[in-house]
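In structure tokens, one chain follows: the form predicted on its own.
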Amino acid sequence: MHVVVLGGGYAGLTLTRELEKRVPTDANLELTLVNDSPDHLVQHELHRVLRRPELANAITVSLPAVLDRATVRVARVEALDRERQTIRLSDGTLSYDIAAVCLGAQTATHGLEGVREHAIPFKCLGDAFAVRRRAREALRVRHQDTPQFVVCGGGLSGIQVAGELAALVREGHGSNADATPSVTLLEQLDTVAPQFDAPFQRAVTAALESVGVTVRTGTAVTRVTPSAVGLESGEELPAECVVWTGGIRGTDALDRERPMVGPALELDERTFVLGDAALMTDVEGAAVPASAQSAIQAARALAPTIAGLVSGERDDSEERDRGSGPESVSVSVSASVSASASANFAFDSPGWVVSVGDDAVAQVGSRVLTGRGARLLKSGVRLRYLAEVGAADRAAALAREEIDHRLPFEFDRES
């Protein structure tokens, strides 16, 4: 049986590794992971590259290096034909028996004028380096006394980018008050981190403001020009660098849609979709937020289903060898899916943590943490994830960076 996992992000890498562990080595499994890069990006740490570009290597993980049985095919997924069970790739086609679509999402520009041309998304290392170059150039040239940087979108990604830009400004310009460049975070809704509880929202807002970020909520963007962000109010906000984190859409391979799936995570009996590529609801019927932790949990929930199908196919092959007829395999696989792909994805978040420059804000249950406790939780999340996906060398590199960078900060602030 050929199982194809499309996408090497949080959902795709986790699912592939889980299948390698769950499916017996003597099973009839051909496992292929398709990704547009040979590397997995630890995207929730991407903002750190704005100040420390040397961390780019520490947050990229070679897919072949952390996979044992899967074949990694580096190609772009262009289209999925579920009826024919084929996938069109940038370098050819691929057929499948079972496919798991883990392609993530793309940045949504909502058709707003100038966003594609003049704002930088924040999805990959190239984006991070582009933001860093533009920000450093603005700080160096200083066409105005106070260059302005604008981040559009107050979700977790926008919060982390704004906090990191504020720290970059502080390090590159000093804090000599009046002429200090400004960082503004714009959010269309009434609060930053709109999907989260009010205490977390308030703590994040306070943390952003404490590092010098101007937070403007209830502020809708209508256009972006080479030198400004146009607001619904008619105001033109000057900006030397605009970062766009204002929402997500589906990938081109799924016609730019994020299909809605229930806890079985299935599009049909042979095709599953999970992670940011989908609008997921869990066994409680609750909408699941697009996040790394939900993608990882969904992958772990789906792995037993696919592993069961592979094992079922082996049993079906034995039946066919005894003369049951080729059509019995298809019928049996379909029946196996109906039996095994029951409501099995139950999202359960242990908490949330977001970086704000050198600080962090965390929510664990109903408790909100800031300061050292939140920073330690953030460090633990990044190191644990790398260890879990088999990238112990990357975890060690980040741990060394934590020692080199954080300890002086801890001494200055708290000793």
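What you see is a predicted model; the values in this text were computed from it and never measured. Numbers for residues come from their place in the sequence shown, where the first is 1.
One more form of this protein should be noted, the form predicted together with a small molecule, which is absent from this view; the next part is about it.
- Taken together, the three residues 94, 273 and 305 lack any non-hydrogen atom within 4.5 angstroms of the small molecule in the predicted complex.
- A single residue from the set 30, 68, 36, 388 has any heavy atom within 4.5 angstroms of the small molecule in the predicted complex; that residue is 36.
- Residues with any non-hydrogen atom within 4.5 angstroms of the small molecule in the predicted complex fall in just one of 97-105, 227-235, 206-214, 186-194: 97-105.
- In the predicted complex, residue 46 approaches the small molecule with a heavy atom inside 4.5 Å.
- The small molecule in the predicted complex comes within 4.5 Å of a heavy atom belonging to residue 291.
- Taking non-hydrogen atoms only, residue 61 never approaches the small molecule to within 4.5 angstroms in the predicted complex.
- Using a 4.5 Å cutoff between non-hydrogen atoms, residue 345 does not count as a contact of the small molecule in the predicted complex.
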